[in-house]
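One chain comes next, on its own, written out as structure tokens in the form predicted alone.
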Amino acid sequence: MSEDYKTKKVISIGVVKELTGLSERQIRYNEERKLIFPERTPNGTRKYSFSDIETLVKIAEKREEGVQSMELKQELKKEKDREETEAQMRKKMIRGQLNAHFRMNEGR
């Protein structure tokens, strides 16, 4: 699988509305504020991913707590950076384990 299913942009705004309980206006507002980034089909239809849906739910929860768009953007960026760092660390660990395993087996 070349693209993680959570990041593949295949979900219509109607389904996003059903899953999140948000209106189209609320969903588009979050896009305007650059908090989510749907893809557009050639005819202009927005397509969202499961990750976008998770982000929208987090945003809705934070807004209920009174968090503003700018704060949300900063929080989301920090979270994304942390996730990317963790993913890089996991890759390095796996690479190190593979290298160690094959070096140990070279002498056999």
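Everything numeric in this text was worked out from a predicted model, so none of it was measured. Throughout, we count residues from 1 along the sequence that is shown.
Another form, the form predicted together with the DNA, is not on view; read the next lines as being about it.
None of 40, 58, 82, 34 but one reaches within 4.5 angstroms of the DNA in the predicted complex through a heavy atom, and that residue is 40. Interface residue remark: residue 24 is counted as part of the site for the DNA in the predicted complex, having a heavy atom within 4.5 Å. Heavy atoms of residue 97 never reach within 4.5 Å of the DNA in the predicted complex, leaving it off the interface. In the predicted complex, at least one heavy atom of residue 46 sits within 4.5 Å of a heavy atom of the DNA.
The DNA in the predicted complex comes within 4.5 Å of no heavy atom belonging to residue 88. Along 12 to 30, residues 12, 13, 14, 23, 24, 25, 26, 28, 29 each place a heavy atom within 4.5 Å of the DNA in the predicted complex.
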